[in-house]
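Only one chain is shown below, in structure tokens, and it's the form predicted on its own.
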């Protein structure tokens, strides 16, 4: 059974790029355009990994990470933040919220797969 990944980004192009990269590697990909939508897509459905942007309307990636960490179903789910932001302060905020890793856009598909396979064996 393929591993299930939720890709969250307000850019459809970015969601599609992540989905294409991961689907091509055998993953099942769900997608959402912001943190609020991600929570409704997930509910209590378990996924193997969440990949989220930081800057999104309605609920940003840091808030989404905190919300997922507060739900027992998603407490241990790896969460990768995929964003154009690379500031140390924001990275620290993401880590404090419970993010597993941080990838700066634009991403190289092979590199994304390496990180995904590392956190989601």
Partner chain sequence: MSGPSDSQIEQFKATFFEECAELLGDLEQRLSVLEGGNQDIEDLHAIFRAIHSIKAGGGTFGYVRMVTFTHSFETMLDHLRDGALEITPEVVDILFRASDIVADLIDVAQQGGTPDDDFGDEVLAQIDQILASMAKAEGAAEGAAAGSEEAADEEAERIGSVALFQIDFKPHPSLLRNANEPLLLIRELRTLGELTVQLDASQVPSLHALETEDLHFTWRLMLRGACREADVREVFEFVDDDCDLTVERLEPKGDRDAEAGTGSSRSEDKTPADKAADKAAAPAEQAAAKSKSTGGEAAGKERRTSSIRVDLEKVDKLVNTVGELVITQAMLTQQLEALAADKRARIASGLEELSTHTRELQENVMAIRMQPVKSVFSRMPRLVRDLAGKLGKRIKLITRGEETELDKTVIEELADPLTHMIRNSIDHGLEGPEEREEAEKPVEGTIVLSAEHRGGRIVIEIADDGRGVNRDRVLEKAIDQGLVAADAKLSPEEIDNLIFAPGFSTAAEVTDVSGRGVGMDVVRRNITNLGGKITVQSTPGQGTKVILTLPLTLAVLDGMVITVGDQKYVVPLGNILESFRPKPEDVQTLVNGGQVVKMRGEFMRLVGLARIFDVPNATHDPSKGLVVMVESDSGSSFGLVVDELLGQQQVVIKSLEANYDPIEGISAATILGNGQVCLILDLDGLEAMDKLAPRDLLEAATLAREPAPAPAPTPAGEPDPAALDDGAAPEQEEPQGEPAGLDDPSSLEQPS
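These numbers come from a predicted model, not from an experiment. Positions refer to the first chain, counted from 1.
Although it is not shown, the form predicted in complex with the partner chain is what the next lines describe.
Chemist: Could you tell me if residue 29 has a non-hydrogen atom within 4.5 Å of the partner chain in the predicted bound form?
Modeler: Because a heavy atom of residue 29 falls inside 4.5 Å of the partner chain in the predicted bound form, the answer is yes.
Chemist: Whether residue 63 contacts the partner chain in the predicted bound form should be assessed with a 4.5 Å heavy atom distance threshold; does it?
Modeler: No, residue 63 stays farther than 4.5 Å from the partner chain in the predicted bound form.
Chemist: Is it the case that residue 80, even though its partner is missing from this view, gets within 4.5 Å of the partner chain in the predicted bound form, heavy atoms only?
Modeler: Yes.
Chemist: Are any of the heavy atoms in residue 70 no more than 4.5 Å from a heavy atom of the partner chain in the predicted bound form?
Modeler: It does not: once the partner chain is placed as it appears in the predicted bound form, residue 70 has no heavy atom within 4.5 Å of it.
Chemist: Can you tell me which bits of 23 to 41 touch the partner chain in the predicted bound form, meaning any heavy atom within 4.5 Å?
Modeler: The stretch touches the partner through 23, 24, 25, 26, 27, 28, 29, 30, 31, 33, 37, 40, 41.
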